[in-house]
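Have a look below at one chain only, the form predicted on its own, in structure tokens format.
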């Protein structure tokens, strides 16, 4: 295990920055790569490279030079940002993935992780307990690119025998990095604002229920998926994974248990429509069955931990 060389592309993002640190506790050779400037923690803990995933030549050079055996490809344009610049979102999300898939095949990389999202679902998807296999008619460029990405991953497994693995992340909540332009980012911002001024103005309506997950669960689940025996991984498009579903109102009530004078108001913007096209809760029984996925945090446990850790 320690002999593997891991490349994390998009290592400075919300998931990447925490995943890098978690993997560096397990593996000796973990290379963080991004176009953005890394945090001091990431920079001090190991090798960091500037890398544009759209530059195939540079990508291949890095893989060859460092004899990379596993890639975590996290670089993407998220939902709200993608709606403002669909052309860029499609190019980064789609061409970036194709470059990485080809990079694995052409350079002997054994294993690839690529994240999908609940945004692959759309208004025609069953919204309660959304099953693993169901209608996927996304109506955001982010969701469309991720849906296409799932098909590419499955294709490279079927046709090229690439050991590619994926999960459909719900909204991810973390105190270490701010949100990166997603529709579920209110669920992060609310904690920072609660701590700062005991007030938050939410860009979604009070009753908007969405599936969420605390970052420690997401990181642990991602590594567990990648370390599971190959024969256990029977879904090569992307696994549903789930933890907690709640509304802004329920989250505010959870915060009030720790900060009694906290108040919230609601000023829905264009993200409300995106949220309404996504599931309210996710059925992840297939992931549970195949590789023993199980979350550890509920809403109140997450709230307590978030508020304790936000400085």
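Positions refer to the first chain, counted from 1. Please read all numbers here as calculations on a predicted model, not as lab measurements.
Keep in mind that the form predicted in complex with ligand NAD is not shown, yet the notes after this line are about it.
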Within 4.5 Å, heavy atoms only: does residue 284 come near ligand NAD in the model of the complex? no
Taking ligand NAD as it sits in the model of the complex, is residue 54 near enough to touch it, meaning that at least one heavy atom pair lies within 4.5 angstroms? yes
With the cut-off set at 4.5 Å between non-hydrogen atoms, does residue 78 touch ligand NAD in the model of the complex? yes
Test of understanding: in the model of the complex, would residue 240 fall inside 4.5 Å of ligand NAD by heavy atoms? no
Proximity to ligand NAD in the model of the complex (heavy atom, within 4.5 Å), stretch among 101 to 109, 228 to 236, 147 to 155, 67 to 75: 67 to 75
Which of 219, 194, 92, 164 has a heavy atom within 4.5 Å of ligand NAD in the model of the complex? 92
Please identify the residue among 130, 136, 116, 208 with any heavy atom within 4.5 Å of ligand NAD in the model of the complex. 116
Within 4.5 Å of ligand NAD in the model of the complex: residues from 154 to 170 (heavy atom criterion): 169, 170
